[in-house]
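Consider the single chain below, provided in structure tokens and representing the form predicted on its own.
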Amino acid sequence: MRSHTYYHWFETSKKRDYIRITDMVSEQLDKSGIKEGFCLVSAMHITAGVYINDAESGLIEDIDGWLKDLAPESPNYRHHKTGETNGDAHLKNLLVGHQVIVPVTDGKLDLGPWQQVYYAEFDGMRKKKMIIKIIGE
């Protein structure tokens, strides 16, 4: 079995952002030479996430609105007693998740017809790291 590791740094210009990274992940799979296996994509920060869904702008707005409703920005989070101001971003991470695993078949990401991989930023405008780890044959 072989493995391939790639780290990518994000620094968004907005506090919240949803970045389609399917092409980046596919590029790393091509570089790996792996034909059968699995690809892990993981946000390496507790106020960001990775998810799979449709690349439709209305849906992305709906996801953002849903996350704002479930974890609204507020000065009332207990986490803020530590001096931080991003309690909502930690909760949004829990809702979206911090990683996905995508099957690799015949050297391609084995995604459904509408599925795309996204990096979700909930407390941006600073550097954050993501890992792509591909294992297989």
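Small disclaimer: the values here were computed from a predicted structure and weren't measured. Heads up: residue numbers just count along the shown sequence, starting at 1.
Heads up, the form predicted in complex with a further copy of the same chain isn't pictured, but that's what we're talking about next.
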### Query
With the partner left out of view, is N93 within 4.5 angstroms of a further copy of the same chain in the model of the complex by any non-hydrogen atom?
yes
### Query
Is there a heavy atom of K31 no more than 4.5 Å from a heavy atom of a further copy of the same chain in the model of the complex?
no
### Message
Would you classify Q115 as touching a further copy of the same chain in the model of the complex, given a 4.5 Å non-hydrogen atom cut-off?
### Response
yes
### Message
If we define contact as a non-hydrogen atom of the residue within 4.5 angstroms of the partner, is E73 a contact of a further copy of the same chain in the model of the complex?
### Response
no
### Task
For the stretch 98-121, return the residues whose heavy atoms include at least one within 4.5 Å of a further copy of the same chain in the model of the complex, in the order they occur.
H98, Q99, V100, I101, P103, V104, T105, D110, L111, G112, P113, W114, Q115
